[in-house]
Structure formats: structure tokens, C-alpha cells
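Below you will find one chain, with nothing else, as C-alpha cells; this is the form predicted on its own, and questions on how it binds or moves follow later.
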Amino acid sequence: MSTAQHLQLVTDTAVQETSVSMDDFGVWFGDSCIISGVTAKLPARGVSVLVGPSGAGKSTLLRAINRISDDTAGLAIKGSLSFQTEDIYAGCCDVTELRARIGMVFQKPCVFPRSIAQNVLFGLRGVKLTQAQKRDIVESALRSAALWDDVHARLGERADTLSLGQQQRLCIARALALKPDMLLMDEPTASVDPVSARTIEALMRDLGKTIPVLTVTHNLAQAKRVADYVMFLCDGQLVEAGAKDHMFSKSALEKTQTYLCEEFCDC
């Protein structure tokens, strides 16, 4: 069986309902090809994890899914990328609406110099809401981000008074306040302490019960703990994708086994 046939078999058996579908997808910045030829389907529920060495194109792929790189000079897209059957790079796609539907959490927490409550509501600032509705949204989002118990008596305080781990959970709450259909997370535990990291891992698992979560990580132990589905990128190309049990087994491709078990890649 060829590599391509093996990959297709793994992908087809691992995913029934899909959230994101990519067909020969590629991203260029000027003459630099960052990603090319990626064909994959992500599950409609659960936690999908993007792994691969630095420079493999993981963050670029993540950012392409909610079109956060649209204003980058020289950006060119090849192939297709669909979210819930809609080609998001088609001319009819409403980018503002797309970014509300697909939330994004970055490696370093980015809080605004406003109160904790105002940070949660930031994405809804153009929506007319009663004070009661605002309170309900703030509480619901903070509870979903496992932060309510820590901050419920401090909602009027500035967000930058929180610890880094709390700030990252606040960023997650801000994304969840928009009730997204998907959540993207770019190394969300890289800048926080181990206790906060485990809390965020538990959050990912919990959120994956209702919406698809796609996260980038260099921590392969973390990938094994949180993933339902794994995509292995190397040198801008998808090496293999499949259910966690397959990817962390001897039935995976040799290159996949080498990277996931030995943390070495010869790309």
C-alpha cells in the first residue's frame, strides 16, 4: 500500500462527521511556500492536535482556518478549505462572521487594559445587551473557562492583575462568550505554569464534547493526553493524520512513529 493510500485509509476511518475539510490546500507568502498539498478532514467533535517540528507550518495552518493572516503581504491560497461545508476562501464568505464562529486563542495571553468583565464582553461590544444579559454571559463564559470561582468577586478589576494562567483562561472565556462553533488554540499552555496547563488541558477535553477544538502543541505528552485526532505536519506537508490510538501506535507510518515516540524528525 502506498503512503497516500495509507493516509487516505487512516483519515477516512478516523473521521465520520467533519468540521474542517482541506483539499490540496496550500499557503504561500510571496515566493515562500509555507504549506502545500494538505488534504484532510477534522472531526466535528473532540480535540484535534497539530504536531510537528518548528517551522512545519502548524501555526500558519491554524491561522488560515479563521483567515487571520488575510492582511499579510503576499498571501496566496491554493486548493480549498471548508468549514461546515462552506468554502471559507470563496468570495461570498463573511470574514467577520467567520472569526466569530471560529474562536482563536494564542500562545501568549492577550488581555485588554480593561476590567475582567469588559474583557469577556469585548467581542460583543457592538451588540445591544441588558445588564442582566451581560452578567449572564460573563458568568457563563468564565464558568466554561474554569475561572469563575477565582474571579467572581473581582470582575471590576483590571484583567492584567491576573496571573498568566488566569489571563489565558480569560482569553478562552472571551472566545467562548461569542459561542463559537469551533475553537483554535496555538500552544495555549506554552507560557503558563504546569498547574494552569493541566487546567487548560481539562478545558480542551471538556469543550471538545460539544465543539471541535484544534490545538497546536510541541508537547507530545500533552498531545497524547488531550487528543482524539492527530495531524503530523513536517516541512509544510501533512505526513499522516488519524485517530490518536493509530498515530501513537506501530501501525502509523515510520516517520510518524519516529517523531511521536522519539521526538525526532528527518524532514
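Residue positions are given as counts along the sequence shown, with the first one as 1. No experiment lies behind these values; they were computed from the predicted model shown.
The same protein also has a form predicted together with a small molecule, omitted here; what follows describes it.
Novice: Tell me, which of Gly26, Gly57, Gly208, Pro43 has a heavy atom within 4.5 angstroms of the small molecule in the predicted complex?
Specialist: None of the others qualify; the residue that does is Gly57.
Novice: Would you mind picking the one in Ser140, Ser80, Thr72, Ser191 that has a heavy atom within 4.5 Å of the small molecule in the predicted complex?
Specialist: Checked against the cut-off, the match is Thr72.
Novice: Among 223-231, 238-246, 28-36, 196-204, mark the stretch whose residues have heavy atoms within 4.5 Å of the small molecule in the predicted complex.
Specialist: Residues of 28-36 come within 4.5 Å of the partner.
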